[in-house]
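Take a look at this one chain, the form predicted alone, written out in structure tokens.
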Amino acid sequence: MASLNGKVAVITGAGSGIGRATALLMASRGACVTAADLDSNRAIAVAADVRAAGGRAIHHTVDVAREDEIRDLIAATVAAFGGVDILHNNAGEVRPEPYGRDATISVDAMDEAHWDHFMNVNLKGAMLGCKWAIPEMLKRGGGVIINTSSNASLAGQEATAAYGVSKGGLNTLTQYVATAYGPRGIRCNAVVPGLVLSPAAASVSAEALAPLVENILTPYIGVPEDVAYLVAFLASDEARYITGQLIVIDGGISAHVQWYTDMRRQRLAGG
């Protein structure tokens, strides 16, 4: 169990799902946590849960697409805990249409505001987090940045173009930050989840999730805590030689050939 004693962690999108699980886990391993979220009530609740379990936490309301709010988030963390060691850029667009995961089938029908919204939240938000956290990390001799990407960034499909492309940009940002700041003691990696049973996934119909579920190789579907364990490891000194990596955690969805699912379906049907 990787220790985070004495570390200060900023987690965006901490109000639910992967962010909440990560905040609770990091705090249980000794980190001081800033639980940041667009939803103030959720941020407050997560920070309260951390403190109730004996950890140290503050909450902060933030729109990650606004630079002034990211600046204030980092400043509040420094004021409360003395610095920043870990940044988990986890906030991402999960709201319903018209600004949820884009159901637009073709790029030629893409609404410009729709595209810009995804880029602002999922990509620019992470860049701004890095921009304001890195100077504070350098003051402490280094730090760790973990970005939450998605396996939608690894291959194309008919829909979710804005979402997938924004996460693809996040992958590249991860490598650029790792390259630029590695010699100065800052590591940067991305976790790349597939289907995870978060509150966002729970709002999707079973019919819509079925194609994903039948491609999972494990006998269970991942939960936010599965990703949180990976994030906490990457944030720890046990992962000190890992940087610039895109680490897929998707139950094996991306591991098999395209026709595997059809073969398994036929086998289960006795065909």
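What you are looking at is a predicted structure, and each value in this text was computed from that prediction instead of being measured. Just count from 1 along the sequence shown to find any residue number.
There is another form of this protein, the form predicted together with a small molecule, and it is not shown here; the text below is about that form.
**Student:** Please identify, from 144-152, 78-86, 129-137, 174-182, the stretch that has a heavy atom within 4.5 Å of the small molecule in the predicted complex.
**Tutor:** Only one stretch passes the 4.5 Å heavy-atom test: 144-152.
**Student:** Though the small molecule is not shown, can you say which of I74, L123, A161, A91 has a heavy atom within 4.5 Å of it in the predicted complex?
**Tutor:** So the residue touching the small molecule in the predicted complex, by this definition, is A91.
**Student:** Does I186 make contact with the small molecule in the predicted complex, using a 4.5 Å heavy atom cut-off?
**Tutor:** No.
**Student:** Is E214 close enough to the small molecule in the predicted complex to count, meaning some heavy atom within 4.5 Å?
**Tutor:** Residue-level check for E214: no, no contact with the small molecule.
**Student:** Residue-level question: is G156 within 4.5 Å of the small molecule in the predicted complex, judged on heavy atoms?
**Tutor:** G156: no, not in contact with the small molecule in the predicted complex.
**Student:** Whether D39 contacts the small molecule in the predicted complex should be assessed with a 4.5 Å heavy atom distance threshold; does it?
**Tutor:** Judged by the heavy-atom cut-off of 4.5 Å, D39 is in contact with the small molecule in the predicted complex.
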